[in-house]
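Consider the single chain below, provided in structure tokens and representing the form predicted on its own.
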């Protein structure tokens, strides 16, 4: 059946992938459980609507599925059984009256309670106008009792203004009026409850709460699943996964994050305690470049969700130290009396190497049909359609959602599903793909050059505008991680 899906008007590129992921989670089909790529849902627009419109029609097999999606989604405002629509209220009346009575009458019974909400997009409707619009629906034979709080049935009258209202809507949009029964609505308290400004423990790269929940939805996090974040930081992503009932586990190369935080009452654990969530099954000091898992351990995690360090706000680090990796010094053994407070040496960890290690880890450790969800940066002057995303023979890329962060670069949320087992032959093919990927992207991915690629144009313009003698040579500054 076709339902009217109304989105919040933000993160436009993330809307459909989230709904399609939740449809898989709630059983639209079972392809994700055996490694096959899930089939996409059917979508269509109302007449004369722009693709960025918050109004879409989606075909779903049951009302219960539509309700489950709307209740859990971050970007769906509501899911509605549409009783009528039109370019005017006269057309709306004709459309509602022609809707089959067998579909309407069960919700108009005298023993039920109901509420009618008037909403709008692109305009503001005053309370007096809302009252008049509700009274204009007298042709619908409501027999129940009005109840404004927790009624049995919610009905929505939604008016969309046209572009002539000087409201910024695309010029192809025409005025449209919808009326329907609410099947499911979003939890409007979720994001305010988890907003970062009230979080106990934060770091400079803490993931925004809304985005963390979106990533958890893309990864199909739910009760009984084990979710891993190899760059856990202050645990924002795992907090979202734990809210949906998943067991969580994290790792970070910085021992100060996973062990100490900012004290016994301000650390990763306290973030979970703050919201009454189940604690992670473990937080490891581990290096993504040198996995801590024994070689025989495979297919443990149901999902891996992370935001790899790609060098704009924080650079990646790996174990070893510059001198050790270059062979200038010999490997050393930490004395027993210094092990407690010892912080291992680290060296720069380029994004191209980091992504290869992440894909290799996911190929080994994800169950068949498990999902890898992570952010990947792109320069906006590059053609987005031609951007070459990292690949692995074990995975199929099922969605890409772009978020513009500045005039120079964006980050794209990549969602991959594991479709094949990990073998030594697959590992060799992946290594060759990695070499090709590295050669194609060495201009800004290698050696942490993304930061320079993002910010160098402004520096170049400054150089031209200011007398060179007043410009000092920039000195590299240490950027601490989290603490």
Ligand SMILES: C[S@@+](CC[C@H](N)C(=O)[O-])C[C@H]1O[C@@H](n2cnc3c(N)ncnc32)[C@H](O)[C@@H]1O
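Definition used throughout: the rigid core is the maximal C-alpha set that superposes within 1.5 Å between two forms. Residue numbers count along the first chain shown, from 1. Being a predicted model, the structure only gives us computed values, none of them experimental.
The next section is about a form of this same protein that is not shown, the form predicted together with the named molecule.
Only one listed stretch (181-189, 361-369, 202-210, 81-89) carries heavy atoms within 4.5 Å of the named molecule in the model of the complex, and that stretch is 202-210. The partner is absent here; in the model of the complex, the one residue of 144, 308, 122, 377 having a heavy atom within 4.5 Å of the named molecule is 308. Only one of 261, 280, 390, 230 comes within 4.5 Å of the named molecule in the model of the complex through a heavy atom, and that residue is 230.
For the three residues 234, 237 and 288, a heavy atom within 4.5 Å of the named molecule turns up in the model of the complex in every case. Not displayed here, the named molecule is approached by residue 349 to within 4.5 Å at the level of heavy atoms in the model of the complex. Taking the partner from elsewhere, residue 318 is found to have a heavy atom lying within 4.5 Å of the named molecule in the model of the complex. Using a 4.5 angstroms limit between non-hydrogen atoms, residue 302 is distant from the named molecule in the model of the complex. In the model of the complex, none of the heavy atoms of residue 413 sits within 4.5 Å of a heavy atom of the named molecule.
Residues from 244-263 that approach the named molecule in the model of the complex with a non-hydrogen atom closer than or equal to 4.5 Å are 252, 253, 254, in the order they occur in the chain. After superposition on the rigid core, the Cα of residue 56 moves by less than 2 Å between this form and the one not shown. When two forms of a protein are overlaid on their rigid core, residues whose CA moves 2 Å or more are considered shifted, and residue 418 is not one of them between this form and the one not shown. In the model of the complex, the CA atoms of residue 412 and residue 434 sit farther apart than in the displayed form, by at least 3 angstroms. By 3 Å or more, the C-alpha separation between residue 253 and residue 434 shrinks in the model of the complex relative to the form shown here.
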